[in-house]
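The chain below stands alone, shown as structure tokens; this is the form predicted on its own.
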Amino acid sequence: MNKNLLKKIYQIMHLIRFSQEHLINIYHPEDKMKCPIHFCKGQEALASCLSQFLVKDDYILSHHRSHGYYISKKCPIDQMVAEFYGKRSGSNEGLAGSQELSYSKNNFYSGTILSGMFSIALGTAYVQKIYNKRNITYTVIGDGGMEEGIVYETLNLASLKSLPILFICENNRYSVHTNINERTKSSNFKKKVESFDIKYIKISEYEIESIFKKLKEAIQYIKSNAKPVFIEYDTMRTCGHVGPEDDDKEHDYRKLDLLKWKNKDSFIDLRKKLIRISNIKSINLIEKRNINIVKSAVTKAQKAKTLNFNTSLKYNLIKKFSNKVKSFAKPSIDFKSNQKTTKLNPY
């Protein structure tokens, strides 16, 4: 990989890393952000590499730990931060918060329902296929999401209909505080995925060159064969499950895992490589620009106004629909609201 490409990846990677660290640091001293936040510190590498392949008409449908993918899709940082503060200038006008963070102009969506966005990928990818688009739908879940039944229904249909989807599973081995070995009899995702005749790729390396190479392989396969691919990405978040709190201190649930990943930080590894092949001044310039972007976004969000309550109601009580909707079905059977309540006796 050439120096310029590595710098582009690092620019995104540092922007993700610094945004997470800065928001973690100011969350509680201020107590002004209006939602719980799932930070992604430590899991920036794949999203950073993905940024080099994305075009506007691609879709990203992410899980709730979505900030890295939001940034990789080149969605505006200031609107993301304003969303966390519950401000009108937020990407969803302050109504969605972190777990439902979206930016429709760039086809980026995330959702709080476990594995919910995985299934929605079927719809966006099907549209891409029937209109002969060359675009891809990227959808992301964690290893905990692999325990949802809808995942396997989705894999089955994606394979059956040969849909252009890149499924990404970020495997950090924990669902909140519970290790994968305590949750499931089989954690062999390769066998499960290949049972649906879907190409499976494992990324267990932490070096950016290796991650980029395997990601490129997956994307080229989808475009050449018009079939889905599943990537299992071994990673480790180095922040708490939710919020700025360090839940490792409270629960002490993954000490050995964090030690294992201590020397496999993709961010630090890439920074050291760039300093060797480039110069520290150019790296410092990238970092200074990112720091200014994030801090400026925070300042703007703090000063911004919240959405008027009556205006917010209008988003839920709309009076018009898409012109594709021609009519609505009418119920054929009236609901009997006065029916008796069933009361069960104890066994």
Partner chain sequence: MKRKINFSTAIKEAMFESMKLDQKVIVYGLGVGTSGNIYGTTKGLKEKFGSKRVFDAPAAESALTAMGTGMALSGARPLLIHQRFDFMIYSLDQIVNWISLWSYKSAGKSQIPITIRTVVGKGWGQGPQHAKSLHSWFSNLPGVSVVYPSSPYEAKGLLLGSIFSNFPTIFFESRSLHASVENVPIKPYFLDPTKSFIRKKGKDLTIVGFGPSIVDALRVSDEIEKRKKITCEIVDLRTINPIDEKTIINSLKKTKNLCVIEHGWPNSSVSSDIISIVTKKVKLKNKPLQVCWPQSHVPTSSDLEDKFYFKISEIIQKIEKNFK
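Everything numeric in this text was worked out from a predicted model, so none of it was measured. Positions refer to the first chain, counted from 1. Only the largest set of C-alpha atoms that superpose within 1.5 Å between the two forms is called the rigid core.
In what follows, reference is made to the form predicted together with the partner chain, a form of this protein that is not presented.
All of Y59, I130 and I333 within 4.5 Å of the partner chain in the predicted complex, heavy atom check: Yes, all three are in contact.
From the list N181, S104, N263, S224, which entry has a heavy atom within 4.5 Å of the partner chain in the predicted complex? None of the others qualify; the residue that does is S104.
Looking at G144, G86, G111, P76 here, can you tell me which has any non-hydrogen atom within 4.5 angstroms of the partner chain in the predicted complex? Exactly one listed residue reaches within 4.5 Å, namely G111.
Where, among 208-216, 182-190, 119-127, 168-176, do residues come within 4.5 Å of the partner chain in the predicted complex by heavy atom distance? Correct option: 119-127.
N92, heavy atom within 4.5 angstroms of the partner chain in the predicted complex: Close contact exists here: in the predicted complex, N92 approaches the partner chain to within 4.5 Å, heavy atoms only.
Quick one: is L256 in contact with the partner chain in the predicted complex, heavy atoms, 4.5 Å cut-off? It does not: once the partner chain is placed as it appears in the predicted complex, L256 has no heavy atom within 4.5 Å of it.
Against the partner chain in the predicted complex, would L160 count as a contact residue? Criterion: heavy atoms within 4.5 Å. L160: contacts the partner chain in the predicted complex.
Looking at the partner-bound form in the predicted complex, is S282 within 4.5 Å of the partner chain by any heavy atom? The answer is no: S282 has no heavy atom within 4.5 Å of the partner chain.
Residues in 300-330 with any heavy atom within 4.5 Å of the partner chain in the predicted complex: Read in sequence order, the residues that approach the partner chain (within 4.5 Å, in the predicted complex) are S312, Y315, N316, L317, I318, K319, K320, F321, S322, K324, V325, S327, F328, A329, K330.
Align both forms on the core first, then report whether F321 has a C-alpha shift of 2 Å or more between this form and the one not shown. Yes.
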